[in-house]
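Heads up, the chain below is alone and in the form predicted on its own; it's given as structure tokens.
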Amino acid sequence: MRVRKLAYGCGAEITDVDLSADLPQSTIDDIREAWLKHVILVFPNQDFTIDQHIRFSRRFGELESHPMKNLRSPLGPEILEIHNRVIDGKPSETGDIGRNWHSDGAFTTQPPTGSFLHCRAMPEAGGNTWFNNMYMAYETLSPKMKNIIADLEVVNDINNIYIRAGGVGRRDPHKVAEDNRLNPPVIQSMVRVHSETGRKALYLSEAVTQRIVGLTQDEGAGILQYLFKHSVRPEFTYRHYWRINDLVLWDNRCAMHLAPRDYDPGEIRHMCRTTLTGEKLGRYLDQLPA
């Protein structure tokens, strides 16, 4: 197994390993060590089945079913398919997800540890994904700013995704209402301590973070907008140019990602994702003391 760093901020490529094989635990341990160090790992040329994808992912922990029920794949509850195919005359509900910077599941009280995304079809050009390093975003703040945000909490709301998309878009409004019912707004700490490395990272995103607890919308807006912009400075980021059969693993505890609309919508982009169940984190907004 070889490890090659891809960018200053985050990302490494892992080669000379076949993820469809029954890998020894020592290799899994080496991959986990590289993941914790580089935040994002790229495994090229992994031509494996859905079952092999699931089996490899499970070597790192329990897999979750997506919290938005309407997005779960018929391939299995562990799989989220992200594609722009039209099926039975209906456009995909996942074709435009991820257009804003976000960490998967940050709108829940059990946000996932990591995500494994496998490329199965790509347009001729574009279809890339940006990733960032939220450790670096936190560590490069001034001491004064670190003191200001040390005890701040944010409200993360799934409905923010729909608002930023200009409404429900192509999604069934009844399904959107059900998503909101099953995933009420949550409160998370703005600074998160990684459960394995012990390092601090910023934990907020333009996709779901609505406001800062205890501040008015106007008072908190300036802080949030600064941190959103600061978090994605070029030196903190890595842009992945997908190839078919790439598998990318990232750490949702210390990274965000963004899938820009940078390709011909008439060409197919198809990804399959598995997601590691995370630890309990945060609380529901309705648990906030009056």
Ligand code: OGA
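A residue's number is simply how far along the shown sequence it sits, counting from 1. Owing to the predicted nature of the structure, the values given are computational and were not obtained by experimental measurement.
Below: the form predicted in complex with this ligand, not depicted.
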{"item": "Interface residue in the predicted complex among 281, 271, 276, 14, criterion: non-hydrogen atom within 4.5 angstroms of this ligand", "value": "271"}
{"item": "In the predicted complex, the residue from 232, 63, 259, 224 that sits within 4.5 Å of this ligand by heavy atoms", "value": "259"}
{"item": "4.5 Å heavy atom contact with this ligand in the predicted complex for all of 82, 129 and 250", "value": "yes"}
{"item": "Segment assignment from 100 to 108, 208 to 216, 189 to 197, 137 to 145: heavy atom within 4.5 Å of this ligand in the predicted complex", "value": "100 to 108"}
{"item": "Residue contact check: residue 117 to this ligand in the predicted complex, 4.5 Å heavy atom", "value": "yes"}
